[in-house]
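What follows is a single chain, given as structure tokens, in the form predicted alone.
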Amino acid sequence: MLARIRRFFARRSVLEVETPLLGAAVNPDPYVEFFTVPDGGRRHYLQTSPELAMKRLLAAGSGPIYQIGKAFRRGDIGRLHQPEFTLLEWYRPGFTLDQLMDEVAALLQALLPERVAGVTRFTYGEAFREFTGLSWEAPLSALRSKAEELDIPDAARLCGDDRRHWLDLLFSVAVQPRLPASRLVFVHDYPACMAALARCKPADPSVAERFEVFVDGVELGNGYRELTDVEEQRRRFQHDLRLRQRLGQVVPPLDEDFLAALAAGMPECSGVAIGLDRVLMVKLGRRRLSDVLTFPLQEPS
């Protein structure tokens, strides 16, 4: 599988790169937990993805690049989650989100010919309304009622007044399992509250230029039309750091090197990260990541 991926990008003149796993800063996304590594009086972080480092390469003039490497995220060990996993991440200067979705489809169809028989695209709004009967902009009270109707335990405690949490929960329970089977399904145009490092649509700032791709209800990848506005990125990072502080989470330093690269001029581009362990799991028709990993961390008994 790795050899096929490398041939795919070699034919397209996309350069393979390598960036550090250990950094002095890390993406402060409060919805993703990272590992902290003490080193004497200093603190380092295992990277949750190579995104920030790869964008510094883009700003330095690398052109189109990809990377296959390890990433680390703290959290539950389960059917689809391991603290250490393998990511394929790539960036395409000048690509629109539609062009990147086309390229993702070409790669995944080449890797999964026995599992997918075509491509389907939904906007997030279309998928959410079709499978929940609600608009993602519905009042929180309506989202709570839908969770009660679906008998989701502890929904109110888990989500509180955070719209993103409610949307994530309902999408995972009511939408993902009902997406068309045996096809690549792209869900795009996510709500702006779920933009992460994606830019919002100039014509409709309520929507982010972001997509996720699924096969048989399993999320395989997450892509963005990348945010290049350094001041907006700084505002988002500062918001995330304040939220981490309120939640009692570890608060890393602001990644000033990444922000300096954005200020120097990162090209307009689109980028995506694909979880290769999940791709292999789908390819082999298995249900758990631990079935395709040589040395998985096991769930506590």
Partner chain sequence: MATYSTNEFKPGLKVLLDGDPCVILENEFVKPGKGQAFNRVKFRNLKTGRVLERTFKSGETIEAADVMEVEMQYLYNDGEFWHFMDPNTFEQVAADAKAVGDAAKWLKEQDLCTITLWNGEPIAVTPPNFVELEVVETDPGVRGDTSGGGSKPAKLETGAVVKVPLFVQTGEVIKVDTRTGEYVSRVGK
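Since this is a predicted model, take the numbers as computed values, not measurements. Numbering follows the first chain given and starts at 1.
The form predicted in complex with its partner chain exists for this protein as well; it is not shown, and the discussion that follows is about that form.
Its partner chain in the predicted bound form comes within 4.5 Å of no heavy atom belonging to Asp102.
Taking the partner from elsewhere, Glu148 is found to have every heavy atom lying beyond 4.5 Å of its partner chain in the predicted bound form. When its partner chain is considered in the predicted bound form, Asp29 lines it closely, a heavy atom lying within 4.5 Å. The closest heavy atom approach of Ser172 to its partner chain in the predicted bound form falls within 4.5 Å.
The partner is absent here; in the predicted bound form, the one residue of Phe186, Phe128, Tyr91, Tyr224 having a heavy atom within 4.5 Å of its partner chain is Tyr224. With the partner removed from view, the residue among Asp76, Asp161, Asp204, Glu231 that has a non-hydrogen atom within 4.5 Å of its partner chain in the predicted bound form turns out to be Asp76.
Judged by heavy atoms within 4.5 Å of its partner chain in the predicted bound form, the contact stretch among the candidates 103-111, 78-86, 136-144, 178-186 is 78-86.
Annotation for 146-169: interface residues with its partner chain in the predicted bound form are Asp151, Ile152, Pro153, Asp154, Arg157, Leu158, Arg164, His165, Asp168, Leu169 [heavy atom within 4.5 Å].
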